[in-house]
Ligand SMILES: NC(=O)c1ccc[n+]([C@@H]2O[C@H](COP(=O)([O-])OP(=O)(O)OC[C@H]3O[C@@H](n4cnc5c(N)ncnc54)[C@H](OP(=O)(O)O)[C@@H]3O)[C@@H](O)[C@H]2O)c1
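Taking the form predicted on its own, here's one chain by itself in structure tokens.
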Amino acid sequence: MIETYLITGANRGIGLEMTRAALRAGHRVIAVCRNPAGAATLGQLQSDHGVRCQVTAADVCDAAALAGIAANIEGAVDVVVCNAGAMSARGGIDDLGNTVDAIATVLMTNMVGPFFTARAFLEPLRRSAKPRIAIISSLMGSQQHTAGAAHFYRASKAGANNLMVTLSNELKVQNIAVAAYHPGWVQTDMGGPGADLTPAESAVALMARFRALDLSQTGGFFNYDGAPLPL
């Protein structure tokens, strides 16, 4: 079945590879990023796939911009993938990178961004026969972690997980399934070159999870391979 995916943070890393994987499978993609003019690879995908790949500009912290995109969608969106993310200081309590601006950016992008995205695209989701919202989180947001660093990145992902549960409780009566996913340790700007998975490997695995998502899994937190994870 051909579906429409809306993917934020689609210009690089896992987001770009999820866009590529969805197009390769014959789906339609609305690819959202802050600066399409600077996203050459995404632009090439749009050229290669024509109307099946729509590239549009918005910051996920800009509710009005997201609503503007949604207002121009005539058909259904089947899967909203909240993938846009930001990293904050990686050190402990003495890390001077934990400034007000840095903390605000990571909390707004990773926690508030999924809320604004989900809210903006509710109407196109309601037009789908199988509407789903997938939030790309991180195992670093689990309350079971034992680390003592990257405080606000972890807090932002814990907040995203909590938001996911709240959204799932609210939206299940509308038959909209919501879940969060750990993409694995991936070779991105955040994960570094020594990580376990390539972005393509993570993206292909995540796309399989999104296809399987339904109300029986709503409110769950899952690894990229489908294993349940603790919130």
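Everything numeric here is computed off the predicted structure, so don't read it as measured data. For every residue, the number given is its place in the sequence shown, counted from 1.
A second form of this protein, the form predicted together with the named molecule, is not displayed here; the remarks below concern that form.
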Please name which of the stretches 72 to 80, 153 to 161, 95 to 103, 123 to 131 has residues with heavy atoms lying within 4.5 Å of the named molecule in the predicted bound form. 153 to 161
Even though the named molecule is not shown here, does A180 get within 4.5 Å of it in the predicted bound form, heavy atoms only? no
Do T188 and the named molecule come within 4.5 Å of each other in the predicted bound form, heavy atoms counted? yes
4.5 Å heavy atom contact, H49 to the named molecule in the predicted bound form: no
How about D59 - does it come within 4.5 Å of the named molecule in the predicted bound form, if we only consider non-hydrogen atoms? yes
Using the arrangement in the predicted bound form, list in sequence order the residues of 74 to 91 with any heavy atom within 4.5 angstroms of the named molecule. N83, A84, G85
